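To begin, one chain is listed below as C-alpha cells, in the form predicted on its own.
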Amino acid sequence: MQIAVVTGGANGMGRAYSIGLARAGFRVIAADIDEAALATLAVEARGENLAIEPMVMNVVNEADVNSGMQNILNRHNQIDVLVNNAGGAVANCRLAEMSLEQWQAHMTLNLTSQFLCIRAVLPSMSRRQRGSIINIASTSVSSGTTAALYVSDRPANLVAYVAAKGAVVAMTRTLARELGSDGIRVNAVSPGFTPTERVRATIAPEAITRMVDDQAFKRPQQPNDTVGAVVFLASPASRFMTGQNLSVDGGGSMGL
C-alpha cells in the first residue's frame, strides 16, 4: 500500500484530501497541529474502515517536521506522496499596515512549511527513484483577487498570503526540473475560493457571493471539489506529469 502524507490533514480541505486519498487506496498519515480534529478524523476513519493515521505535527517547526517524517519512515519504510496542504491567511490587513512579523508569518506558514516538508521526504524518495509531491497553491495567484477584497469599504486583499502562494507555484516548477532525474514528480493544485467553516466564520456572506459571481459555476466551491485533482496527481495516471499547476476553481480564473 502506498503511503501519503497530508499536512493540515484534519481540517477543511486537508481533511477532504486525507479521506479522498484513503478511499482511493492509500494509507494516509494526516499531519496536523489540531489534536482535537485529528481525534475526530480518526473516529470517522475507523467508522469507514479507512487507513488514516493521525499525527500531531507543527509544519513550521523544523525539528518537528524532521522527526515526524522520520517516524513515518521508521514505521512504513517509505513515503510515496506528500500533499503540502497546511497554510492560510495569518492576518487580514492592508499591506501598508502590515508588520514585518505578519508578513514573515505568512511566508513561514504557506511557503517555508512546504520547503521543510519537501526537504524531509526527498532523501527517501530519491533513494527509491520515485515519489509525487503535490503543493497546494491558490488561483488567487492568477486572478489577484481574494474574498477579503469584498469584506468592507476599505479592502485588504491578503497580499502576503497570495505572494506566498505565488512562490509555491514557482517552487513547484523549478523543483520539478531539479528532481526529474530522480524520478520524482512535483506538481501543484490551485483551488479557488473555498468557504470552509473557518472561512465562513471570518468572511461576510456578501463577499462569498461576490466570489461566486466571478465563477462559471454559480455555487460555492466545496473541499471535495479539489480531491479528484489531488488523487490524480498522487496516482500513476499522472506518471508523466511534472511541473504543472492544476486550477480547480469553477472557472473563476479562466484565461488569467
Ligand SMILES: NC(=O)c1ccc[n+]([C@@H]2O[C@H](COP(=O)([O-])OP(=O)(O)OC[C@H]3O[C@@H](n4cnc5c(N)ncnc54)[C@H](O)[C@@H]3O)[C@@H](O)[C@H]2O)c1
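Keep in mind that this is a model prediction, so the values were computed, not measured. One-based numbering along the sequence shown.
Unshown form predicted together with the ligand; subsequent notes refer to it.
- The closest heavy atom approach of residue 106 to the ligand in the predicted complex falls outside 4.5 Å.
- Contact annotation: residue 187 falls outside 4.5 Å of the ligand in the predicted complex, judged by heavy atom distances.
- Though the partner is left out of this view, residue 33 does reach within 4.5 Å of the ligand in the predicted complex, counting heavy atoms only.
- The ligand in the predicted complex is approached by residue 192, whose closest heavy atom lies within 4.5 angstroms of it.
- Only one of 66, 40, 215, 196 lies close to the ligand in the predicted complex, with a heavy atom inside 4.5 Å, and it is 196.
- Annotated contacts: 142, 224 and 247 are all free of the ligand in the predicted complex [non-hydrogen atom within 4.5 angstroms].
- Checking 120-128, 96-104, 134-142, 75-83 against the ligand in the predicted complex, the stretch whose residues place heavy atoms within 4.5 Å of it is 134-142.
- Along 156-186, a non-hydrogen atom within 4.5 Å of the ligand in the predicted complex is carried by 161, 165, in order along the sequence.
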